[in-house]
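In the block that follows, a single chain appears as structure tokens, in the form predicted on its own.
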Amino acid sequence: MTKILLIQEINDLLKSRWIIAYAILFFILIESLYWFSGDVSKVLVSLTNIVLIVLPLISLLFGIQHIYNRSEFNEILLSQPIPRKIIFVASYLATTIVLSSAFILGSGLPILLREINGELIISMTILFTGVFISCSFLALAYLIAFSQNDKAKGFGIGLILWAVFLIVYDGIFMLILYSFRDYPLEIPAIVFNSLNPINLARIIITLKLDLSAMMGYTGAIYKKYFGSTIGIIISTSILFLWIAIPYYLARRIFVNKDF
């Protein structure tokens, strides 16, 4: 039953023009970067910024819009003898598979078509991290959409959450570092940044790009603790929790919600 629903959801999503436009958008962006710079390293740095800024926003908005648009279809499915968990799992998996595949195809093809030499690992790290970001913010989108019946409030919360993670959070973090600069803040800095999936993704990619020196104090901390293979595994595991926890909460709300 899960496979049938999953295939149906994927087929429905693939018919959406937004998914095709999404893949084409990334393809054009990467091709344009190659065209104007011709330097693979500069392209990868620019791709990192796109992954950290654009990907969370699109994942949030697309996920929220998808849930609200299929509310009537959900009600039809819920009237059938199908467990709610299966409906939720099929919907989330289909959305993550399609959106992540569009990102990988749109961003990966231009990279693979070029002479990447020793940049393959870095390129794969950026794409891999982008998939994690998509899955995480899609889970947050599901959590927001199922928690709010009002569409406008849902989109508003999504935009605020994106702005907080991307802009406000770093401002608060720097203020704390400055206010308590006389105290040892290595461990609190790691914990504080672990509470932001965008920062975690930035850390993983930046360490692979060997640009941690540009991050100042925090860069030195993460180079020290996360520069090793074990550190990368730990930071990736924390990023995985940013998928698992919102996913679990959203599924729980969906299962218990009165439609």
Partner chain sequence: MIKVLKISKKYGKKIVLNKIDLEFQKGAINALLGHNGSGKTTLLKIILNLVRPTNGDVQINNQSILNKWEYRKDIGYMAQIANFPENLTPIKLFDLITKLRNAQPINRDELIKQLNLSSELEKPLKNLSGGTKQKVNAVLALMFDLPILILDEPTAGLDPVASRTLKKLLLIEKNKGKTIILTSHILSDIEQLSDFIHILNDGNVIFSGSKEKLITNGNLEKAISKLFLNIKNKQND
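On a predicted model such as this, the values are computed, not experimentally measured, just so you know. Numbering follows the first chain given and starts at 1.
We do not show the form predicted together with the partner chain, though everything after this point is about it.
Between 136-144, 96-104, 165-173, 68-76, the stretch whose residues reach within 4.5 angstroms of the partner chain in the predicted complex through a non-hydrogen atom is 68-76.
For the three residues Lys42, Asn49 and Arg202, a heavy atom within 4.5 Å of the partner chain turns up in the predicted complex in no case. In the predicted complex, the partner chain sits within 4.5 Å of a heavy atom belonging to Ile82.
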